[in-house]
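What follows is one chain in C-alpha cells, specifically the form predicted alone.
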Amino acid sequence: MTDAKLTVHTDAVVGHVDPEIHGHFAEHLGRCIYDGIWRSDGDNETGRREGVFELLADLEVPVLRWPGGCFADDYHWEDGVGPREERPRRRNLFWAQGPEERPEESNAFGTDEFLRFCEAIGTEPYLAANVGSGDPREAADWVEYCNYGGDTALADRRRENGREDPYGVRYWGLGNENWGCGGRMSPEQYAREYRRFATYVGTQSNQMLDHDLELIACGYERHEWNRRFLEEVGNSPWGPEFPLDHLTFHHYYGRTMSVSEADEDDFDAFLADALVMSEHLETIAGAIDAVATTRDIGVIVDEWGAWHPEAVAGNGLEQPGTVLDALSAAAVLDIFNRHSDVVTMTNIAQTVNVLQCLVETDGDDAWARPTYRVYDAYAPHKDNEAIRTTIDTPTRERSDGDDLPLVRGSASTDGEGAFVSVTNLDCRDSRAVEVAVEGKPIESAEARVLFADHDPKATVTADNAGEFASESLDVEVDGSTVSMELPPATVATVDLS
C-alpha cells in the first residue's frame, strides 16, 4: 500500500536550477578559516589544508561567500593583502576564532589566499563588502584590486602581491545584516547607503571591467523591511531604478533544540521550522514583485541551516553533525528546486567546522559530514531545469503549529531523463512512496538512499564518516511509476530514463 505519491509533471518547467543554489559560506569565525580551510601554522606553501581542499574540490562547490557574515562589516580588506609578516593584527568584534578562541584577526588569510583557494577548487567567489564601518571608496578599491587589468596603483599592487591577471570576481555583496550587526540601520537608511555604495562599485562594470558585476543587497527575514528597502532604493532620480541584481535573507532553525536531548516530537518541530523556508521565499518574492520584479531581482539565501544550542560564541559555533540536520538540508534543497524561478543562489552556514558545516577537521584529519552526503547526492540537480511536482503525502498533527508533511521531494531534467529526490521526514516509520512521471514511460530507474541504517541522532566522526555514504535502493518500475520503501529519516535519489 502506498503512503505517499510524488507526481512529476514533465511539461511544467519551474525554472533553471542555477548551480549557485548549492553554494556555501565561510566566515572568520571559530575554526572555519583557521584550522579549517587554512592551516593555522601555515607550514606548507599554500597554507591550505589538503584534506579540506580535496573534499570541497570533489563536491564541485559552485560559489563560496567570504569573509562574512557579521565579520564582513568590521573587516578592511587592505589589512589582508601583501607580505603576511607585515599584515596588522586586528580586533574581531563579533566572534572568537582559531584554536585559541581569541577575538582577534591575524589577517594571515586574506583576499589573495581566498581567491586562489576558490580557483584551486573550481568555485566562484562571492565577496561581502563592508558597509557598516566602511565607505564606498574602500569597496570600490577592493573591486579594482581584484578585477582591473590596467595600470592603476591598485592593479599594480595586486601584481606585486603575486597575481598578474585580474581575478574576475563577479558577485559582490554590499553589506551584511545591516539591520543588525552591520549597523542596526532602518531599511531606508540602508537603502540610501546601499545606493551610494552601488554607485561607486557598479559603475566599474561600464568604465573599467570587461564583465558585469552582480550586486547583492542584504535583506531581512522580516519581509516588511524588504519592501521598505526596495521602495527607498528605487526612489532615485539618477541611474538605474533598482541598482541591484539580488536581494538576500537569512534563515536559521533549531535554535532551541539540542538533537542529543530531543524526542520524536522535537524532531517534527525542527523539520517543520526548516520547511518555513518555502514561506519566506514566497513572501520575499512577493515583496520584490510589489515594487520591482523577480525577473530583474533574484532571491539569495546567503546564510541558512541548523543552529542548535550547542553552538555558542565561546566554542566557535560548533555543534555535532547529525543525520537529522542532513535530512533538513535535503528538504530545504528540494524547496529551492521548487522555487528555482526566483532563487539564484543559496549559501549554507558554514563550510568547515562551524554550524551545519559540510566538512569537519581535527588536526590533519578532515571528513565529510552527513550534510556533505546530501549535497553530493543532489548534485545532478545542478544546471537542470526544475520540473513541477505535486505530492500527496500523509501529515502528522503537531500541538505547537501546522501539521508536518512526512514526504517531500523535487524533480529536474537535463532535457532527456529526470532526476528525482525524495525525503522521508518521518523519523518514526518507513514510508512506501510512489513516483509517477506524467505522460512518459520509465525505461530504467537507478536509486540510492542515505542514512537507511542510522538513527536521526547519529553523529559523524573521523572514524565512522564512511558509514554515512549512500547505498543502492531497490525500486520497482511499472510503466510510468517507480515504487520504493523509504526507512525513517532517509533521503533517496532516483535517476530516471
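The first residue of the sequence shown is number 1, and the count goes up from there. Model, not experiment: these values are computed from the prediction.
Below, we turn to the form predicted together with a small molecule, even though it does not appear here.
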| item | value |
| --- | --- |
| Listed residue that, although the small molecule is not shown, lies within 4.5 Å of it in the model of the complex (heavy atoms), from Y200, Y148, W307, W225 | W307 |
| Partner-contacting position among T423, N176, S328, T346 - heavy atom within 4.5 Å of the small molecule in the model of the complex | N176 |
| Contact segment among 404-412, 366-374, 244-252, 386-394, judged by heavy atoms lying within 4.5 Å of the small molecule in the model of the complex | 244-252 |
| Touches the small molecule in the model of the complex: V359 (any heavy atom, 4.5 Å) | no |
| 4.5 Å heavy atom contact, V301 to the small molecule in the model of the complex | no |
| Contact label in the model of the complex: G69 to the small molecule, heavy atom within 4.5 Å | yes |
| Touches the small molecule in the model of the complex: L29 (any heavy atom, 4.5 Å) | yes |
